[in-house]
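The chain that follows stands alone, in the form predicted alone, written as structure tokens.
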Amino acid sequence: MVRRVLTLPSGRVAVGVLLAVGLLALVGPLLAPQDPLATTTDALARPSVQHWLGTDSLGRDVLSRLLDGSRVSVVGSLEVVVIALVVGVVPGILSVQLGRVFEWASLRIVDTLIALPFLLFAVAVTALLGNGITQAMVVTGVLVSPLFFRVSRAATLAVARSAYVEAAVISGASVTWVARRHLWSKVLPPIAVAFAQTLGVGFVIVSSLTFLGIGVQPPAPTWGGLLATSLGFLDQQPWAPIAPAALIVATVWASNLLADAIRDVTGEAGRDLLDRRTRRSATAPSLSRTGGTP
């Protein structure tokens, strides 16, 4: 799947942007030119050689805070996606296999989670358990998990009721073999699409919570927190929100672009698309040698 995604220009762009953001989360705090928490008397300074993106209202270097805050923003979104994946996919697949009682109970729980406003619920749980990014992301991941539940359940239903799976079971194939041979290859692509989409959703959630000051203890920097701080001084620094907003938008855009690329290369439509591109690339040299006549 990865090689097929990389055959698309949109897939290569999305993977490149997400890898750059991931690399920024890994080494960004180490690259910070100054202490991101150190205050100075040079408040709201313009960009200069010493402060490439200027300073905030407390004289802290904005570039250093932007680099240092990348780790919290990226790790928080990954926590949302991983928790939603585990909580949603396993019950979604088991709801097809474990009978009507488990199916009914799991569907009612999912309906309840969908009805809950996850942002307000995350705020309430964070206020109850303490202002920490992990608590907020665990709650948010559980509330986002219905997406994975429904995707994995729909894909499993399509495979479990297919003729070739029934024939394999009748012929004596084990559940493990059927799952490895048929179920996994059919369920993985839609889950991968949901994973990429939820990565963008998780990033928006993390940015929204940190924008509101939830999940991170000040003065710890985050992209959402930097955006919120810069909006209070637009009359003096109108350029300040551009950097954190651009990073957030680029990450969410790349996640959605990756989801579209995965969707395009999986399934019958994806295989037909790749086959047509392969045939065109193979016939192009022959047409050029014959002067453009097929």
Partner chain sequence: MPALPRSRPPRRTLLAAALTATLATTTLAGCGFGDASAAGGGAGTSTLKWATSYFPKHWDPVVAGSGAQFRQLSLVYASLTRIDEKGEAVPDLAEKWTYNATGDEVTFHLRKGLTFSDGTPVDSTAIKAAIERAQKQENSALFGDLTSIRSVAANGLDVVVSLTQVDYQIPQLLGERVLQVASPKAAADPATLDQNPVGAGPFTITQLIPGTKAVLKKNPNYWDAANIHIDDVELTSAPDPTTVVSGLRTGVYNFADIAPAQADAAKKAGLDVFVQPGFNASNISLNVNKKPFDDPRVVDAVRHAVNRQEFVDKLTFGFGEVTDQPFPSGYVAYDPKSKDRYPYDPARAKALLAQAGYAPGAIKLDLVVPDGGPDAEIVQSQLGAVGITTTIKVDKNWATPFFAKDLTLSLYSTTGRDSALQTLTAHFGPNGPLNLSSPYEPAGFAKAVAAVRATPIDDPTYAETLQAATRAGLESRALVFTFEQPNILAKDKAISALPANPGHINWTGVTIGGK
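Residue numbers count along the first chain shown, from 1. Since we're looking at a predicted model, the values are computed, not measured.
Beyond what is shown, the protein has a form predicted in complex with the partner chain; the following relates to that form.
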| message | So in the predicted bound form, is the partner chain close enough to Gln217 to count as touching (4.5 Å, heavy atoms)? | response | yes
| query | Taking the shortest heavy atom distance, is Pro47 within 4.5 Å of the partner chain in the predicted bound form? | reply | no
| query | in the predicted bound form, does Gly232 have a heavy atom within 4.5 Å of the partner chain? | reply | yes
| task | Spell out, yes or no, whether the shortest heavy atom distance between Ala154 and the partner chain in the predicted bound form is within 4.5 Å. | result | no
| message | Can you work out which of Ala127, Val75, Ala158, Val86 has a heavy atom no more than 4.5 Å from the partner chain in the predicted bound form? | response | Ala127
